[in-house]
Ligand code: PRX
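Next up is one chain by itself, shown in structure tokens, the form predicted alone.
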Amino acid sequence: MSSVLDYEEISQDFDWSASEKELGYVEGGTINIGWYCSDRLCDLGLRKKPALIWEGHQGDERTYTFDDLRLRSNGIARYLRGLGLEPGERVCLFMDRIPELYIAFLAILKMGGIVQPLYSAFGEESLWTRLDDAGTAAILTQRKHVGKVRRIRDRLPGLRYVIVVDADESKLREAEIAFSLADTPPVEEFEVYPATAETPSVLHYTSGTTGQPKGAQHVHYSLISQYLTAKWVLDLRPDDIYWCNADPGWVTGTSYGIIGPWSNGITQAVLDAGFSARRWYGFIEKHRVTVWYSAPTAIRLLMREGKRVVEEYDLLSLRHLCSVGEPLNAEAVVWSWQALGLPFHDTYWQTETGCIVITNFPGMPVKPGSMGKPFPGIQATVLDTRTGEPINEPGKVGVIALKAPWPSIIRTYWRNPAGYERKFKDGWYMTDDRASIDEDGYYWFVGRDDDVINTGGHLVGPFEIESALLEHPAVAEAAAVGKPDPVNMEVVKAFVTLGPGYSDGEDLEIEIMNFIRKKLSALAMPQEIEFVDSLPRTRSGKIVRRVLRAQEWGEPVGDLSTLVEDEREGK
């Protein structure tokens, strides 16, 4: 079972210097995440220890030791530096969960670049928005995805290199480069970029309610938080086989799918395949996975498959389970206790926090449905939305706020410092999520404080969806909201008003769906389009999505005093 840590004891007089000491970091010294996740482990005698056990969707397998990580990341880093890429330039990873993604992540950091991981299911417009905003200099991708890059490259004058990691060189176009990890010589010695605490490291894009997606800029010092939270919350031990089934295009897949486990010298297993209960259970059984970090959406899908499927597999290797990405409902915790013999421990954090900030700590009693308590070193509270003061009354709802700073909090939004400053109030980082705290100090999630749609644990901003819809000639106006879904928590629903000369109907809905399919990721695709005569809006013209969302969720719509009169009266 999980290690028993005395939460109250370690919370007293906690200081992040404990993590610095374990990692051998000295204030003011160099701290390159790429080196810490490969070379350092080799120096500690883990050269021959498996670092990555990878299995593809067709069943092919590859295993890499920590020495392989060191040598091959050195090789990629030298290759990128040889192209003329400079420290501080953004290098995008636009790939499925293949070994090249994980190793190149370390390599980019080693040569001083800023890693820009993007979800490989993004459509070309979503991809362009993020590459354009970041001023990306190079992108590493696969044959199956290079078509998206080709269709937008003429709109990206700063994109100097398109590197295809599995290319048939004869089929590449001008200014595209074939790269093969297997054919790239391993490099024994590489001069790792001397990053310091505040050197930019990873640029993750997160969607907001208005405007473009925001580039959350992390720094190398984030390692201090990610190392210790991975060790304590995920209860990682030297002999563990760890599986995080999050894609590195999202922050969970980097903070706890790369940096956290590897900085701890842990072997991790990666399955590059879609959801299948039997495939997943077979993967755990085959590789003797001990610690599993998953998402409530996946857990609900497993629940739907039933307990009988679980009984077909030997899952006794599992000893600690955690979940991330969205609220973990109490039923899922109870189910995992009954089906797997272990509870899933909920963890709460955001792209901006960089690490787990509220969690059901190992050894602490789990209250099904609760987020748990703040991680030691994280000062959290819920603030009254009217007064801005901490709420001391158990059960009363407020906005979750975290006292800044801590090592992994982002340092800015890329090219949007004003947006970053708006996230803070009187020294508190405002999460825009609402919760209550019970008499035992446990946090209970209530809901988001904005319009972001949480589908399957991934945050989708309505702006991108609406922008894609508005490109169709029939669409006059559009609004996107989340509607309840038993598996994904929320799915996207779009409300559309039509231009003159167009009539609603199933044929038009299918036509619009097909039109925007290439522009959006599968996560952002509306599952339903409802044609309406008008959209609720303020007198200043802003569409009020919360009214539409409240209708879908059967909730009170709240104050309508700012809405245009004819919208309020349904005219």
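In this text the structure is predicted, and so the values were computed from the model without any measurement. Counting begins at 1, following the sequence as shown.
Here the subject shifts to the form predicted together with this ligand, a form of this protein not shown in this document.
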- [ ] Given that the partner is absent here, state which listed stretch (311 to 319, 453 to 461, 468 to 476, 130 to 138) has heavy atoms within 4.5 Å of this ligand in the predicted complex.
- [x] 453 to 461
Open item on the list: Please tell me which of 161, 445, 179, 337 lies within 4.5 Å of this ligand in the predicted complex, judged by heavy atoms.
Closed with: 445
Task: Contacting member of 142, 497, 350, 381, with respect to this ligand in the predicted complex [4.5 Å, heavy atom] - done: 350
Task: Distance check, residue 327 to this ligand in the predicted complex, heavy atom within 4.5 Å - done: yes
TODO: Flag residue 252 as yes or no: does it have a non-hydrogen atom within 4.5 angstroms of any non-hydrogen atom of this ligand in the predicted complex?
DONE: yes
Open item on the list: Residue-level question: is residue 206 within 4.5 Å of this ligand in the predicted complex, judged on heavy atoms?
Closed with: yes
TODO: Using the partner position in the predicted complex, report whether residue 371 sits within 4.5 Å of this ligand, counting heavy atoms only.
DONE: yes
- [ ] Would you mind checking 96 to 130 for residues with a heavy atom within 4.5 Å of this ligand in the predicted complex?
- [x] none
